[in-house]
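What follows is one chain in C-alpha cells, specifically the form predicted alone.
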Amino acid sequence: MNPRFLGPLFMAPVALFLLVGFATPIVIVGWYSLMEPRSFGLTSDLTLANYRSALTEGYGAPFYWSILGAFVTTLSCAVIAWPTAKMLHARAGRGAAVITGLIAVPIFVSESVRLFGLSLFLMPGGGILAGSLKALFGVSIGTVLNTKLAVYLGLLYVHFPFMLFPLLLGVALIPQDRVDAARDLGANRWQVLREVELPLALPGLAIGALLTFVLCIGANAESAILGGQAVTVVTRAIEQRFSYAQDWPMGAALTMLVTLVTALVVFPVLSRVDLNRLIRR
C-alpha cells in the first residue's frame, strides 16, 4: 500500500469515533436549541426564542458563577501548582515520588466520595476542621459548609492535580543552564520567572489551565454536595431544564452557550501551544 495512505487509514477509526461520539451529539443539541420552547419534536419552526430567554430570564447568575468560579479556581491552582511543580522537579527522588503519589491517588477515587469526605472536614461543630481548632486552640469558627467558600475549596481540591501534572511537564522543559545564565547576568528572581521560566513552561501551564478551566465550568457535584443552596451553577440549571422542567430546547440552548464559551477559551489557547515540544517529539 502507498505510504501516503497509511496515515489517513490509521486516523480513520479515531475520526469516525469523534464524528459519532462528539460532533453528532453537538449537532443534535444545537438543532434542538432552535425548536419551539417546551416542545419535544425536531421538526417545528426554527426560532431563537430559547437563546433570548437564556440571556434575559435569570440564567445570567449561574453563567456568571460558573465562569467566575472556573477562572478563579484555574488561577488559584496555577499559583499553588507552580512552586509545587518546581519543588517536585528540583528534588526528584523517593520523597518527590511519595508526594506525587499522594496527589495522584485521589484521582482514582470517585469525585463524590472525595467531596463527601471534604464535607466531613468542613462540617460545623463536630467537623474535623472546627473540632480540631476548638480542641487545640479553643477557637470556634462559623460554618464553612453550604457556602460559596466551600464550593471554591471543593473545586480547588478536585481539580488541582489536573493543573499540577501538565505544569510538571512544562517545568521539566526549563534548562537549568538558562536560569543560571540569567542569574549570572544580574536578573533577579522575578525577572528570571517572567523572562525565562514562564515562557519556557508555557505549554504545560496552558494545557493545565485548559484542563482545569473546562472541567470547572462543567462541574456540578461541588455545588450540590458542598454548596447546598448557596450556589446554582449553569450545569445544574441545564439539568433542571432537561429533567424537572421538561424544557429540552431551553436546556439545549444553555448547553450550546456553555459550549460556545468553552470553545472561545480553548481554541485560541490551543492554537498557540506547541504540543510536540511538550511531549519532546
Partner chain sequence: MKKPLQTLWLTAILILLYVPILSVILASLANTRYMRFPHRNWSIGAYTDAFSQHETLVLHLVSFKVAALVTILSLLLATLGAMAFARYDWRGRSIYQKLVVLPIFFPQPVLGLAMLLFFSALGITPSWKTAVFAHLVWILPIVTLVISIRLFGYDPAQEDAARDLGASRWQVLREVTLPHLAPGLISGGLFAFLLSWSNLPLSIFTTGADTTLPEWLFSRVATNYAPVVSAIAVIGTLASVAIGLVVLAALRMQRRAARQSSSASASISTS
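Small disclaimer: the values here were computed from a predicted structure and weren't measured. Residue numbers count along the first chain shown, from 1.
A second form of this protein, the form predicted in complex with its partner chain, is not displayed here; the remarks below concern that form.
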### Message
Considering non-hydrogen atoms and a 4.5 Å limit, which listed residue (V113, L75, L149, L198) is close to its partner chain in the model of the complex?
### Response
V113
### Query
When its partner chain is placed as it is in the model of the complex, which of 190-198, 100-108, 138-146, 170-178 ends up with heavy atoms within 4.5 Å of it?
100-108
### Query
With the partner left out of view, is L264 within 4.5 angstroms of its partner chain in the model of the complex by any non-hydrogen atom?
no
### Message
in the model of the complex, is there a heavy atom of its partner chain that lies within 4.5 Å of any heavy atom of L210, even though the partner is absent here?
### Response
yes
### Query
Does L88 reach its partner chain in the model of the complex, with heavy atoms at most 4.5 Å apart?
yes
### Query
Taking the shortest heavy atom distance, is Y51 within 4.5 Å of its partner chain in the model of the complex?
no
### Stretch 203-239 - residues with a heavy atom within 4.5 Å of its partner chain in the model of the complex
I207, L210, L211, V214, L215, I217, G218, N220, A221, A224, I225, T235, I238, E239
